[in-house]
Structure formats: structure tokens, C-alpha cells
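The chain that follows stands alone, in the form predicted on its own, written as C-alpha cells.
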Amino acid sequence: MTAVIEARGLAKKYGSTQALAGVDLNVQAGRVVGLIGPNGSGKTTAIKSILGLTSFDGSLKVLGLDPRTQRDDLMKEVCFIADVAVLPRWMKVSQAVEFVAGVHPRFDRARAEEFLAKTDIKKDSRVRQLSKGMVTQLHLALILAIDAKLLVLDEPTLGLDLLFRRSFYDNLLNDYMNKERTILVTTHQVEEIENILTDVIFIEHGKIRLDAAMETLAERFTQLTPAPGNTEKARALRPFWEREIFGRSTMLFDGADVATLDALGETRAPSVADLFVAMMQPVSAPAAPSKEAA
């Protein structure tokens, strides 16, 4: 099967800053992929490369096309929502629908109007009269009505309240996603998208730290809270991360034997947010010996 996004040695420098450092990616059709990293990690540069908005080194194919030389063809198959909708503030909602219908051959006006009918947005309202949440809803309605194979979302719910964020992702999955379509999303609200992802990619300093299918995370990673008296035994098994809260340690292990960890305390599968925090921080130094180890 041809990958929707396939990158080999993707690299980009801004002056002396290495934004991307030899990134390899392979995103298959029908997946919902979270590209997650701290500020300055290379997320936005990767998105710009995929969309043909910046030059880069290395090999990159998106839907079989080279974004550098075939961007016009690529944009017929790709939709993009950024953190700030770029709709002109003077434009009426009805004019926005008319505009997209006029410029995109795969736009379904009836579908856009059906989605807008579920909101409080009035057709004769101007963009400047809408709240940020409504502008995002309008943008989403226009995007969902385009029959695209790849949807790229760069912090799409930034600045929205919880209700709008939840509604955004519910509408996205219910009205857009199917086995032929692929979604690539970056966000800082890791906890809110964890349940919709099929794959997760962690990026830091322009390098991939983790690239895995969601169903494999529980098989690979284990979180342990050692029982009193077992902290040093757990540390001897070399967790890759540890923190202490209210006098009790919590540790994360990569590839450790679960039965061995079960015997030392309470175990569970870590959340994506837990893994992100752990992998984006330097290895914690062991705490001072506790009374139990004295």
C-alpha cells in the first residue's frame, strides 16, 4: 500500500537552527496521527514541508506527489486548518461558502450548509461578528465539505473553550473520517485527542522520539507505583523516568517484564500525556535513599 506521507531524511535549517534533523515518516491511509512535541520541536516545519510551504532537504512524498514541484496537484487532495482561521473579517458567511464553491472543484455546498445548520452561525453574519469558536466552526464546515484524502490540523482548537474543543473533534470524526481519509493533527491538548488517535509521533529538537501505533503502547510501556519497601528494587530495573508525589515514586518502564513489575506494586498502562512528559524531560536522578532502604 502506498503511504499517504512518506519521508526519508527530511531536514530543514533556519540559519544555524536545525528545525528538522533527518526525520523518517510513514503514514498510511485511514489513520489519525498525532504529531506531538514542545514549542520549537519541529512540528510546524514538518507541516509546512508536507504542505509544500517551505523548502527542505531529503525525500518527501505526500499522496505520491512531491510538495516542492507538484503542490498545485497536491492541494486538490489536501485540506489544512491552522490555529488561526484566515478568513477575511469583512466577509459574510454566505460569501465564504460561495468563494470556496467557486475555487475548489471538490467542494460540496450542500454538505457545508448542512453542517452550518447545526450551529448558531447565521449566513448573513460577517466573520468579524463571530466568536473565535464560531470562526473555527465555519472553517471546519468549509473544510469538511471538500472531498480531500488528507486533512492536516495544526493546533486547530487553540484558544477555544472545552465545549468547543470537544464538539470540534466529535464533528471531525463523525462527519469526516473514513477508511479512505487520513488526519494529521498537532496539538498541545494531548489528553483531549488521545482517544481519537490511531498513531502517535513524538518529535523533539527536529528528531522523532517515538513513532508507534496506539495499540502497541500498552504492550511496550508500563507505569509502576512501587509498594512501600519496593522502591529500590524497582529502581534496580532501570526505569527511564521517575517522579515523586506525596512521598511515593511513580516510574515508567520501556519493555520491562510486566509480571516482575506487578510483584513490586501497582501497574497500569501510561497515558499518551504521561509518556510525552516523561520522554520530553531528562532522566530524573534517583531520589535520596528513603527510610525503607536505610
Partner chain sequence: MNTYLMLIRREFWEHRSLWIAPLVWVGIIVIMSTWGTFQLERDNDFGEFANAQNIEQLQDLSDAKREEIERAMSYDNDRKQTIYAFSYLVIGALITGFMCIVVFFYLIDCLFTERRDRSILFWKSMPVSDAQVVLSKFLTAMVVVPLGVILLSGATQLLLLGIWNLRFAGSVVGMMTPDWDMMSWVRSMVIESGMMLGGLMWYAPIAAYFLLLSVTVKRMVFLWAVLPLIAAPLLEFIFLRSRHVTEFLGQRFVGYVELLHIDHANMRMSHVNADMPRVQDLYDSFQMSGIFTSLETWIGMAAAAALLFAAIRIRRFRDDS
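Positions refer to the first chain, counted from 1. Everything quoted here is computed from the prediction, not taken from an experiment.
Not pictured, yet referred to below: the form predicted together with its partner chain.
Asks: Only one of these stretches, 111-119, 184-192, 208-216, 67-75, has heavy atoms within 4.5 Å of its partner chain in the predicted bound form; which one is it?
Replies: Correct option: 67-75.
Asks: Indicate whether its partner chain has at least one heavy atom within 4.5 Å of a heavy atom of residue 164 in the predicted bound form.
Replies: No, residue 164 sits far enough from its partner chain in the predicted bound form that none of its heavy atoms falls within 4.5 Å.
Asks: At the 4.5 Å heavy atom threshold, is residue 31 in contact with its partner chain in the predicted bound form?
Replies: No.
Asks: Quick check on residue 52: any heavy atom within 4.5 Å of its partner chain in the predicted bound form?
Replies: It does: once its partner chain is placed as it appears in the predicted bound form, residue 52 has a heavy atom within 4.5 Å of it.
Asks: Is residue 48 near its partner chain? Define near as a heavy atom within 4.5 Å, in the predicted bound form.
Replies: Yes, residue 48 lies within 4.5 Å of its partner chain in the predicted bound form.
Asks: In the predicted bound form, does each of 141, 153 and 169 have a heavy atom within 4.5 Å of its partner chain?
Replies: Judged in the predicted bound form, none of 141, 153 and 169 sits within 4.5 Å of its partner chain.
Asks: Which listed residue (95, 131, 198, 125) meets the criterion of a heavy atom within 4.5 Å of its partner chain in the predicted bound form?
Replies: Spelling it out, the residue with a heavy atom inside the cut-off is 95.
Asks: Pick out the residues of 95-118 whose heavy atoms come within 4.5 Å of its partner chain in the predicted bound form.
Replies: The stretch touches the partner through 95, 98, 99, 100, 102, 103, 104, 105.
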